[in-house]
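Next up is one chain by itself, shown in structure tokens, the form predicted on its own.
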């Protein structure tokens, strides 16, 4: 199993390259798109080579997901806490984007380890912004406190027009994913994968992992959620997160793994589909070779049986 990494390799490479060539006046204007429709646009001007402008477009949130000025709740505070004076939020953001940041490389700390840590954090802007509300809920769980949303499903965006749900309580948080896929083959593979995923959780080696359940119908924890959010052609996956899963440094890892769970499943479904196609092509090639050999052997046998031909001449 492969887990997706939080830092964007695209952003991290540009940040490192820019840091090594701060004195070179080169204009940069690059865009890229990551999974689940997260878009980045990074710009550098020759007039101010130590300043980068990073714009981020997030997945379009569904109606049930709470947001403030186009951002998940708690995102602004999370950005300020993560980056300090190095990053400034520009308001309003650039057209077509939900967030625009001004990154001042001159304000990076001189210590190489701290500098690389901040660059890595900037490249993880997706986790900082989209994971902000989930991190707040799980941080409350680690302190065994609850807010006004206790016992109610909280919708959090993770894909375009799709959300997953967190039901916070004092001693646990229940996370529910409606699993949706467009392709009929993906639906079959994902359903099988998720059922095996639940079975794997029951092994002794994974006793400390969050409890995992799969069901074809919405679980009771989603009572009160909008009907439009309760349709899922590959069923519903439920994780029960306990305080021990979000203690200390485990919090950030748990937030990222939960935030990208659907992408994780989609990745392995596509890998499985590609593997099966490869096996099928190899099998077809093997059958064709066997048929070619059989054809060649049959022709040789025919020549041996028939032998050379002779004409008989009669003299009258």
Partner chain sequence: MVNFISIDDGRAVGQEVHDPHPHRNQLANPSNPCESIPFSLTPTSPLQSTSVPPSSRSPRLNWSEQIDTGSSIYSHVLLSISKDSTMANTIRLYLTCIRNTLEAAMCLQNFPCQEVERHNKPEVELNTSPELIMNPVLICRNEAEKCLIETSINSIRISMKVKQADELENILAKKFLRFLSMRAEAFQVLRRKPVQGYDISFLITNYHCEEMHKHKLIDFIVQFMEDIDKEISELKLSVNTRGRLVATEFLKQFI
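Bear in mind that the values here come from a model prediction, so they are computed numbers and not experimental data. Residue numbers count along the first chain shown, from 1.
Below: the form predicted in complex with the partner chain, not depicted.
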| item | value |
| --- | --- |
| One stretch from 113-121, 191-199, 213-221, 84-92 that, in the predicted bound form, holds residues within 4.5 Å of the partner chain by heavy atom | 191-199 |
| Contact residue in the predicted bound form, chosen from 106, 143, 150, 206 - any heavy atom within 4.5 Å of the partner chain | 206 |
| Among the candidates 33, 288, 30, 26, the residue which, in the predicted bound form, approaches the partner chain to within 4.5 Å (heavy atoms) | 288 |
| Residue 45 within 4.5 Å of the partner chain in the predicted bound form, heavy atoms | no |
| Touches the partner chain in the predicted bound form: residue 236 (any heavy atom, 4.5 Å) | no |
| 4.5 Å heavy atom contact, residue 268 to the partner chain in the predicted bound form | yes |
| Residue 245 within 4.5 Å of the partner chain in the predicted bound form, heavy atoms | yes |
| Check all three, 50, 53 and 73, heavy atom within 4.5 Å of the partner chain in the predicted bound form | no |
| Partner contacts for 71-88, taking the partner chain in the predicted bound form and a 4.5 Å heavy atom cut-off | none |
